[in-house]
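In the form predicted alone, a lone chain appears below as structure tokens.
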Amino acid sequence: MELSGKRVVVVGGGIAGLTAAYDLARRGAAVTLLERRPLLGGLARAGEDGSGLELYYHFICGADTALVALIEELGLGPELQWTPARTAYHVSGRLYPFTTPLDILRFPPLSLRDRLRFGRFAAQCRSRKRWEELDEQAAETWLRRETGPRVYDVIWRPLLELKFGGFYPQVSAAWFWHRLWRASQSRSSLLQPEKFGWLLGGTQSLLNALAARLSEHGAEIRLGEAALRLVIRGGRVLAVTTATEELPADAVIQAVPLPDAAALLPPEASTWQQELLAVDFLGVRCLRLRLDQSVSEAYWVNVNNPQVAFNGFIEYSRLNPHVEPGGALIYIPMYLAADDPRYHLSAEDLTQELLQGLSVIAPGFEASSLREAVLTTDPYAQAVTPPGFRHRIPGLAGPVRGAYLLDSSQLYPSDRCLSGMVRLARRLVTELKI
């Protein structure tokens, strides 16, 4: 579709907003991208220290074809690397390997019968194609039925409870299945470990490449400038206001979380606003650690320990050894509801609590090895997707003509991921009607 001369404002400079803006500019649209932060990237952004290290961890799965295609298109193919990734599970006070079928067959916290049942379930998830019937079931009910109460209590319950808190009984089986399926697509076979991808320059190299292409196509990127309100008259969007001006627009793409998109809507769009606010979200607080020492041989460590406040950590330097030569780069994420006391803990207190938990899992961990600790908080990181959510997925096009949405909840049953947002953004641009 030719968009020459059409004015499009993209609100949000995360991977979805950047991808949409890039495709729009290539088609001739006059694009202005507003990002309230001083840096691009959204949840994929790096810190402001100039290191280029991401504030949250990211990896590329074998099923992430949309992201890989964009990487190749931008000339970053030589930077894309693939590494076998080990997984471990900390349960009953010990750390066990949990990467291959043989590891699972040797997993002492489960009986042989339960291990076999777990393995059969994993294989079924890998081969499953249709998910719609799972949308009507709660993950808790489905997992208990399919894997048994012991597997549920040891493996699944801690992950659900610590990920979703009080919302965990409301999570659909379809969402949980897709998490398992996506990871399984990074195995060449059931007997092989997963391989995850990463960029030599980190996600920042992808963001930089997109920003450069936007500039080449004449798009304007405004950092540190927030959108305040959509101007809507006669059932269509006319402009976006900022603190300094009103930007005329033939279309507006709100590439921000649903609660932020709702806050941009004027009173005449109150019905749409309430629909967006009906989706619950969890916030995230993620501790990024730079250490002089490694704490695990695994890239991903799941945790089932009542003495530890988090459900796992990621030793990212096991995937990409270039990020912290001679040491370790570790991420400890926590997904929290806004009323969770830990969401409001000071950075110092929460950091100490998470470091204490790490010392429980890795007794060899020494606080003196800490080079840097950075705690990052974002309020809308994880949509809560209860059974039946496929009937509530927000549309890409809103009820207001010219107003569009890009949000991770629209990926359902997939969880939030870079590739999914790239795919969604590219689809929106092809469906845009101005």
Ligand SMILES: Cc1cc2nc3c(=O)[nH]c(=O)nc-3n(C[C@H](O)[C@H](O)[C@H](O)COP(=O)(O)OP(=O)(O)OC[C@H]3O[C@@H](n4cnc5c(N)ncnc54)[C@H](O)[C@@H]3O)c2cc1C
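Sequential numbering from 1, following the sequence displayed. For clarity, every value in this text was computed on a predicted model and none was experimentally measured.
Note that the form predicted in complex with this ligand isn't included here; everything after this is about it.
- Contact with this ligand in the predicted complex, defined as a heavy atom within 4.5 Å, holds for exactly one of Ile253, Ala174, Ile330, Ala227, namely Ala227.
- When you look in the predicted complex, the only residue of Asp114, Asp260, Asp135, Glu324 with a non-hydrogen atom within 4.5 Å of this ligand is Asp260.
- Among residues of the shown chain, Leu24 is not one whose heavy atoms approach this ligand to within 4.5 Å in the predicted complex.
- A residue is said to contact a partner when one of its heavy atoms sits within 4.5 Å of a partner heavy atom; Leu43 meets this definition for this ligand in the predicted complex.
- Using a 4.5 Å cutoff between non-hydrogen atoms, Gly14 counts as a contact of this ligand in the predicted complex.
- Heavy atoms of Arg36 reach within 4.5 Å of this ligand in the predicted complex, making it an interface residue.
- Segments offered: 55-63, 24-32, 392-400, 367-375. Contacting this ligand in the predicted complex at heavy atom distances within 4.5 Å is 55-63.
- Using a 4.5 Å cut-off to this ligand in the predicted complex, each of Arg182, Leu264 and Cys417 places a heavy atom inside that distance.
- Applying a 4.5 Å heavy atom cutoff to this ligand in the predicted complex picks out no residue from 194-214.
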